[in-house]
Ligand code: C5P
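Presented below, as structure tokens, is a lone chain in the form predicted alone.
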């Protein structure tokens, strides 16, 4: 099917990738383990299957030289990388040049420097390593941190793979979940190329875009918990105050319980929601919450109408959290199954993993509060050691940024033990910091390489792996780089 697709600037690249995949006898698909990686894999796997292209899907916590060598050892002639691959072209290009496999990449991370890659396998596109079957928004001037996620890139590819029987627009819902899970909502709204994916999802009837309370947990959290945990906009006397949240709700004169149990936001009628939201805004004003914060209490929401109301799958944000709770605990198979439409046992398993994930995040935040963060010039950092899983320490860091004792005006760096030899590093920033020049992808890559490691990612969120024992040297290097970026 010939189409300009949902992102016209990427149409030619998507077509080239689709043509290469159609020519393959079979494809090995490798993807990352977060919500964006899982949805990327689900979108691509579904599109390949619909095109009658045999596919095997594997997941990798990180795509380093060892993992790429293990992929090459599988002896697939064609390998599709989703939600990573661009930043590992220095290694991938060596395997391509050696004839180990042909690569197709649908990613949104910063590509490698062409000078670090095999010259026979890549070309230079505006300073980025590039090749014929490389689908990455950055190569066409589209921001990969806020305008198109890995799942979005996979969706653009899926639309190019479509034939006369299906246009694959139904996969837009997963692309939206991936973008939301990758924290790409700018001011709560998906923008740029992502907006085109939302539009296609709405047209296909698989996504609903609306305006509603912007708090997390509207589908599944009982109302007091919804407000108690609403730390996005802290409201004194309600946020982090179970009794206060309960008193607030009981004073509204509404019947907010059913059979003795608190209802959820999804259970409420429109007029009930309006009453609660208006009272919440009034309370925020009374308690001196800044006006710009109050405005964010209401925002754009993305709902999947085909999923049952009152479940994690109905809301894009809750769906993405459910997925993070699977692959980050070595159960990517469970998350993929849910993305592919399986329910019953996979969904129940995912919910159990989610409960465990929430406990771990809560314990991680408590650890940061108890240990505190260390200020180091332009950055701040904490070392969780083995007390926080290295697969979730970045989430903990992002949640901690801006809480009591953690400066929202500085990027935060978090360390967690991978094993005796290596340490995982995660870094998070804010939109205003990025606007002032912070690029954590460059920070993680350059600081890690200065101590014998490697890293990369996005301007607002990135990660690295460094040799154990080099944490202090890494912080010194990162501080120097960030100071330069902000000068």
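Small disclaimer: the values here were computed from a predicted structure and weren't measured. Residue numbers count along the first chain shown, from 1.
Below, we turn to the form predicted together with cytidine-5'-monophosphate, even though it does not appear here.
- Contact annotation: residue 44 falls outside 4.5 Å of cytidine-5'-monophosphate in the predicted complex, judged by heavy atom distances.
- Interface residue remark: residue 447 is not counted as part of the site for cytidine-5'-monophosphate in the predicted complex, having no heavy atom within 4.5 Å.
- Of the heavy atoms in residue 62, some are within 4.5 Å of cytidine-5'-monophosphate in the predicted complex.
- cytidine-5'-monophosphate is not shown here, and in the predicted complex it never comes within 4.5 Å of any heavy atom of residue 128.
- Comment: 313-321 is the region of 233-241, 313-321, 366-374, 299-307 lying near cytidine-5'-monophosphate in the predicted complex, near meaning a non-hydrogen atom within 4.5 Å.
- Interface residue among 227, 145, 334, 160 relative to cytidine-5'-monophosphate in the predicted complex, by the heavy atom within 4.5 Å criterion: 145.
- For the residues 384, 277, 96, 399, the 4.5 Å heavy atom test against cytidine-5'-monophosphate in the predicted complex is passed only by 399.
- Remark: all three candidate residues (183, 216 and 464) come within 4.5 Å of cytidine-5'-monophosphate in the predicted complex, counting heavy atoms only.
- Contacts to cytidine-5'-monophosphate in the predicted complex (heavy atom within 4.5 Å) from stretch 442-480: 454, 455, 456, 457, 458, 460, 461, 462, 463, 464, 465.
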